[in-house]
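Form predicted on its own, single chain, as structure tokens, below.
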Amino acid sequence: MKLGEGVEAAIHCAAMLAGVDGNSTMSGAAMAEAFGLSPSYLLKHLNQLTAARILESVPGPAGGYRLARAAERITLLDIVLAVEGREPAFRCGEIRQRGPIKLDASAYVKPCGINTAMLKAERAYRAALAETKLSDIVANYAAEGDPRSIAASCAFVERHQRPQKSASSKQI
């Protein structure tokens, strides 16, 4: 199964946003810089994550993105489906019913064995992604990542996060 590069970018950005303080945000441009991606390319995926309510987009000069819910409530499956869509990776075209060896429709009453096997694999794959929370990925990185990489990531987040005024501190 091949997933697009956007899935990797989306998971990395969500993991990075799990590290911002409180209700702070981070700009899409900063995340694109962090991962060496084109801002316009990344924006497409950030918009998909926002539409799926994984991220929240905060408008304004100090705006940006933040997680829409706790990292413990976001699974890798949520992110993959937001970027790749809900359709199964394998789509049976029933090619067994085409060409010179096709038979009458009555010969194809049983489901295609290839389709059955592929959908079974898809269910297992999705179940594994559904079991893995974004918070698990972040915790694993914190526990097992190279300390230099962790320090660099934390410093980047600290420099680029944008604190937001809380509702109680806004002037009326």
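Keep in mind it's a predicted model, so treat the numbers as computed, not measured. Quick note: we count residues from 1 along the sequence shown, nothing fancier.
The form predicted together with a further copy of the same chain is left out here; the points below concern that form.
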task: Mark Pro61 yes when one of its heavy atoms lies within 4.5 Å of a heavy atom of a further copy of the same chain in the predicted complex, and no otherwise.
output: no
message: Please tell me whether any heavy atom belonging to Leu76 falls inside 4.5 Å of a heavy atom of a further copy of the same chain, as the geometry stands in the predicted complex.
response: yes
message: I'd like to check something about Tyr41: if you look in the predicted complex, is any of its heavy atoms closer than or equal to 4.5 Å to a heavy atom of a further copy of the same chain?
response: no
- prompt: Does Glu84 make contact with a further copy of the same chain in the predicted complex, using a 4.5 Å heavy atom cut-off?
  reply: yes
task: Taking only heavy atoms into account, state which residues of 116 to 150 are within 4.5 Å of a further copy of the same chain in the predicted complex, ordered by sequence.
output: Ala117, Met118, Lys120, Ala121, Glu122, Ala124, Tyr125, Ala128, Leu129, Glu131, Thr132, Ile137, Asn140, Glu144, Asp146, Arg148, Ser149
